[in-house]
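This document contains two forms of one protein chain, each encoded as structure tokens and listed individually as structure 1 and structure 2.
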Structure 1
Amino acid sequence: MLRTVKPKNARSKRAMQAREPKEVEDPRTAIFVKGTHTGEKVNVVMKEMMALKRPNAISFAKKNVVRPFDDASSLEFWAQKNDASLFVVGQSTKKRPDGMTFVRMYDNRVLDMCEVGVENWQSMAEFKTPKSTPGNKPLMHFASELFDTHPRFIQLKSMLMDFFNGEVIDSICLSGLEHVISVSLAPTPSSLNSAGAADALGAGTSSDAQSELKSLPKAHVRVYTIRMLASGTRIPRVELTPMGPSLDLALRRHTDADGEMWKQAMRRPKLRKQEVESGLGKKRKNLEVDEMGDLRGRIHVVKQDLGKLQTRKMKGLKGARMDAAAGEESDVSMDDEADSQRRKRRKGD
């Protein structure tokens, strides 16, 4: 553990305040760590992933003896030291060649991990096409029904979304959308279809784990630049051009998040009044956008009191002085009458 220090000057105080937990979080910083041996492939893949992740990326140039699935203490130390909450650990061994481990942290502790093996890849330089601006926010595209059903792929989707696109923003410049990161899966094998999945769940033994991993479809990660063409409507027509890098990933080991820690990490701040009013938190009532794209509202008006309606003023209707003279007695008698009537009604009931 690092010492908790008291800031001695305003600059260090500001730096410490920037690291304190916030209600709306900054984008996650990723640290790219090389393990004891990384092949050429993993080196370049990590470099290109870093190019996509910039400026929220830190590269560790030296090799490190780090095995995230066995001992996460050094990851925790680095996370605290660098104020980073994502890791990509590259490691190539005989048993698991060209592996990359995505590690997500919560409160400087490991939340969950997912290891992928890089199988085929093409670098950015191989595509002689225009590239996106570094630091630009990408769109994300996921294609397969497994991203909604299979726990491994739900985790992968969540991890990649957190990696590239995890920042909550309130507005975006539409002309600045430049590239998309697309993650598609290979066709779903029959063992993972709804009937086969039930069998797999029933026989959840360790010997099956290897074959189960083999049966998981590959993930194809592609990066495309977007060209928007005029279509005559407000929405432009989209064309994609491959930009690179393109990776084919195979899922390997993983650890799920600890239940309690996950619950803590999924806590949401209460929405502020201003946000609720602007319609972010709740659904706005009585408002709808019709087919023409116009915002239409429904208004409920209370029943109008016609007794207070101002009609034409005439001298003859100004009975104020006359009422004041004769009104006293008549008022009293009227009240009495009304009272007696009410009493009668009550008796009748």
Structure 2
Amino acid sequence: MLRTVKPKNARSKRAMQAREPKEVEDPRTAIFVKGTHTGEKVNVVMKEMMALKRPNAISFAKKNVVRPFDDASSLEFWAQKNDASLFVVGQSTKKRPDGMTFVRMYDNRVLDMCEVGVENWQSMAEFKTPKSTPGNKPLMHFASELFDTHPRFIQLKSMLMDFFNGEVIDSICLSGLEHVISVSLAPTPSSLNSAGAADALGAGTSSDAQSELKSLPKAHVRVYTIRMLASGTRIPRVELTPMGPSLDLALRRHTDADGEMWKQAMRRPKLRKQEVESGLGKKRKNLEVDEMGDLRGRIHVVKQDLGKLQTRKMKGLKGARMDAAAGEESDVSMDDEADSQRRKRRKGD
């Protein structure tokens, strides 16, 4: 592991601050590592997956003696040195040919791993169609109920989502969607309908689970470009064109995340709520921040006298009110005249 040192100048200080945890993290950087023995298929697959991941991708040109399931110290060293949180390790052996291992890191430590085998590979060069812009955020599509119920496919879905997610955005522009990555599975076999079979496969340690691992359906990964055509309405007509690459992934070995480490990795920051409340000074009554980070207040109004409530003025009642007011004024004037005459009579007497 790299030792922690204090920054000696402003440049190194800015570099260390850029690696600190943030409320909204930067796009994940993936490192592609070649093992001691990699076939031509694995090399091409990793090269084209790196093309989909760019510019947040680093490729090691030399071969390395790395075995993620036995010793992950090299991966932790590279993760801290390159500020990366994802690894794709390519290795092809006689027992496990054409294999790739997805490794996810947290705090420069291995969180979980998933090994897959590449089958039915088709390169981008075989599809004579337009390609998407490098670095563009893709649209992810998962078509199977096992991605929400089976633990192995839940892990695979989470891995692929973190790998291709890219930058976190607040809104989506339809014209900015250029390609979609579709991951589908074969029909669910009857052996996976029971919960016990899923638990046995999720453990992945017994010999029975290893034998039943072959019965899991393969994941079909397809990449399409998106064309939006006029449809006569506000919603455009969408057409998908195969862009490549096209490959099938067979699940192999895996390592689940530690419970305590997974809990820390899934913890949500509270900086947004603190920022909102920081402008309030001391804690005030009847003010709170909801789950979405919006400030909400409660207002208490005193009891109103509805007898003095101003009602709506209507034109139909305007003339009647004027006549009534004129009648009252005439009555008052007549009473004044009668009072004045009485006073004169008394003075004459």
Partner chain sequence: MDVSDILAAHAAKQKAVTVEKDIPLQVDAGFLTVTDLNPVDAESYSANLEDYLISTARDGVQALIGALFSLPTTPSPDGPLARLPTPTTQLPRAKPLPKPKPPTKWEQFAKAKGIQHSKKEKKVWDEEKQDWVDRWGWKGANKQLESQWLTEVPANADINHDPSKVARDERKARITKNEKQRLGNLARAQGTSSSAAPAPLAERKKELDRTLAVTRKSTASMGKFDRTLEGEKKPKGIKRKFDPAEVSATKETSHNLAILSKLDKEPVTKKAKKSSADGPPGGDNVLNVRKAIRSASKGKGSAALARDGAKGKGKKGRR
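Here the structure is a predicted model, which is why all the values come from computation and not from measurement. Numbering runs along the sequence of structure 1, starting at 1. So that the term is clear: the rigid core is the largest set of C-alpha atoms that superpose within 1.5 Å between two forms.
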query	finding
Panel number for the form predicted in complex with the partner chain	1
Core-superposed C-alpha of Lys62 shifting 2 Å or more between the two structures	no
C-alpha of Glu167 moved at least 2 Å between the two structures on rigid core	yes
Value in Å for the CA shift of Val301 between the two structures, taken after the core is superposed	10.5
